[in-house]
Structures are given as C-alpha cells and as structure tokens.
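One chain follows as structure tokens, the form predicted alone.
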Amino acid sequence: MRFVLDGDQRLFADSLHKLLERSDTPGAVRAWAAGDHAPGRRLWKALAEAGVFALAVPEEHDGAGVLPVELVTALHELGRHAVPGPVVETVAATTLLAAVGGDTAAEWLPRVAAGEALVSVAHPYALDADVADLVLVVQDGHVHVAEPGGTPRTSLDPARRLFEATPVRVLGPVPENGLDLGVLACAAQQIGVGRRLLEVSVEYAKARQQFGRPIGEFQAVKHHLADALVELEYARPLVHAAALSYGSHDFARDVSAAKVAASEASYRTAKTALQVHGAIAYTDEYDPSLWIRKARALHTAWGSPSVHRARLLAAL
C-alpha cells in the first residue's frame, strides 16, 4: 500500500523541517541533558505556534481536533530533529484528559495546545517529570494525577530522565486503548530518527575516504545502507495506516504493528549509522550520537517489540 501526503500536509512537514533546522536542536538537546530547559521550552513554544500540539487537542479545548495523519507528520519531523522533552507523553495525555473531561480538561488542554504545558505520563516511568507541568499515571483502570519522586533512572539517551510516579488523586476512568495515540506518536518519532540517521550516514559515506575511495563505493557499506532504507520504507506505511485507522476497532492492532516495525527499523538504522561512522558516532561532541542514543532508548519506550507482537497475536 502506498501513502502519499497531500499538498497541505507536505507543506506543513516542510515548514516544520525549516523551523527546526534554524533552531539548533542539537544545542537544545545538550542543554536539556545538562538541566537547562530554557532552549527546549522556547523550541516547544515555537512548535505550538506552528500548530503541532493542537493536532492532538479537541476543538472545544482550542485545538484543531485530533488529526492523526498530521500528527504523525509532525512527530516524524520532531524525531528527525531529535526535539527534547516529553513530546509523545504530552500527546498521549490529551486522550486521557479529554476522556476525564470537566474542569481538568478545560484547564489543561488549552494550555497543551498553546505549548504552555508539558505533560508526562508514566509508562511505566514518567519522562522528564521534574520539568513537566503535570504528571499523570494510569493505574487500576483510572487516570491519576501523580507526583514524581526519587532519583531519576539513567537512560542511554542523556536527554531522557525517567522518574517513578506516585498517584495522589484520581481523575477518572481510562478510555479504551487510551494510550495508543502515544504509541502511534512514538512510532512516528522513531521513523524520523531513523530517517535522519540514514541521511547523515549516506553523506558521511560519500565524504569519508579509505584506500583512496569514498567508503560509500564499497559494496558492504552500500548493502547496509540499502537494507536500512528498505526497512524504514516498509515501516513508514504501517505508521500512516495506523493513523488512518484512528477511531476504528482496528486502531489498537494497527498501532502495535506500526510500533514493532518502527522500533526495529530505527534501531537497525542506528546500528548501521554506528558502523558506517565508526567510533566517532558515539562521541558526545558529534551530533549523530544524539540520534543513535535516542533510537536505542525509543526501541522499548511505549512498549517493546515483543510486547506489541504479543498484542498483535492476541488480536488475530
């Protein structure tokens, strides 16, 4: 199956790409990892002004309505540029807050759409809970406001800090498949991460010389890059198919298929990028290391491939 974005969707993706290219996202990622959230917050606000977070917020709460294809398009670009912060978690929280409704939804959803609120959802740990404006946890079939505690757990991605979260107040019941929009957002982010790693690896293979020739001319390197491209290109339609099935009874199944494919494709591309670049790819000063580490961290975030394969089998 072939999925093609329409003209408006392509223009939206291109505008986000240009916005993020101008914004020094590697610098914002490094600052975020060091505890300086100001550059990341400014970036978050700029993305909100471009309409990114409104794509997950219902119209009655100042959003654009839930537009899953546009949301996937946006998260692809955010992954491609390694935007820091609980982006996926905030997207997932919109479903939970909308289901809770009432004053809670009226208070938080317009702030999410405007880029004024970062929300973390414990799954099972709360990402960046120390900087989030609201922390939610799903437990015993209900959504709870939670408080983060303890020392953050280390991650291969230094810009990802994971906290335990303790429920303190019940908000309401969890909607059916209430976290699947977050899973979809994570899968789209992974495709973006993989695409960026493939781009920089191809450019490096053209420039890096060995034995008097660019390493990209060697068959072994070509094959690794081609395999990574094929895997990403097979995963991308599954992510778009899941977006198109939003609201149907197949959504949960399709989201799991997308997450498995995106996880494996982005992780394979990260390994290929590391092999093509050599040891330099894992040095802190070299930008591709930010994407390589993120790819590994996202491989199991929002459900590992084995978890989602089991879910797919159960749906058959």
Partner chain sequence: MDLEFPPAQQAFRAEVSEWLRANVPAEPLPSLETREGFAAHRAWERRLGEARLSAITWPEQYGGRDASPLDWLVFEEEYYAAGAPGRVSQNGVNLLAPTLLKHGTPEQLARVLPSMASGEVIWAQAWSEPGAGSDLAALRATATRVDGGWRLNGQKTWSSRAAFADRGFGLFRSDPESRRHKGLTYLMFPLDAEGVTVRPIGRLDGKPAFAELFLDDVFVPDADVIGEPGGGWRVAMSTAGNERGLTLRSPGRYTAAADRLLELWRRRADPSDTALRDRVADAWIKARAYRLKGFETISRTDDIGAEASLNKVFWSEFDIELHETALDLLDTDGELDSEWLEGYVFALAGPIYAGTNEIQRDVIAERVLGLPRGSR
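Numbering follows the first chain given and starts at 1. Keep in mind it's a predicted model, so treat the numbers as computed, not measured.
The discussion below concerns the form predicted together with the partner chain, not included here.
Student: Between the partner chain and V4, K206 and E217, in the predicted bound form, does every residue show a non-hydrogen atom at 4.5 Å or closer?
Tutor: Yes: V4, K206 and E217 each sit within 4.5 Å of the partner chain in the predicted bound form.
Student: Report whether the minimum heavy atom distance between S306 and the partner chain in the predicted bound form is within 4.5 Å.
Tutor: Judged by the heavy-atom cut-off of 4.5 Å, S306 is in contact with the partner chain in the predicted bound form.
Student: Mark A105 yes when one of its heavy atoms lies within 4.5 Å of a heavy atom of the partner chain in the predicted bound form, and no otherwise.
Tutor: Residue-level check for A105: no, no contact with the partner chain.
Student: Test of understanding: in the predicted bound form, would A241 fall inside 4.5 Å of the partner chain by heavy atoms?
Tutor: Because a heavy atom of A241 falls inside 4.5 Å of the partner chain in the predicted bound form, the answer is yes.
Student: Taking the partner chain as it sits in the predicted bound form, is A50 in contact with it (heavy atom to heavy atom, 4.5 Å or less)?
Tutor: Taking the distances in the predicted bound form, the answer for A50 is no, it never comes within 4.5 Å of the partner chain.
Student: Can you tell me which of 227-235, 140-148, 121-129, 159-167 lies within 4.5 Å of the partner chain in the predicted bound form, counting heavy atoms only?
Tutor: Contact criterion met by 227-235 only.
Student: Work out which of R30, R253, K271, H37 lies within 4.5 Å of the partner chain in the predicted bound form, going by heavy atoms.
Tutor: Among R30, R253, K271, H37, a heavy atom within 4.5 Å of the partner chain in the predicted bound form occurs only for R253.
Student: Just to confirm, with a 4.5 Å cut-off on non-hydrogen atoms, which of A98, C186, V83, L198 contacts the partner chain in the predicted bound form?
Tutor: Only one listed residue qualifies here, and that residue is L198.
Student: Taking the partner chain in the predicted bound form, which residues of 129-158 have any heavy atom within 4.5 Å of it?
Tutor: Nothing in this stretch is in contact.
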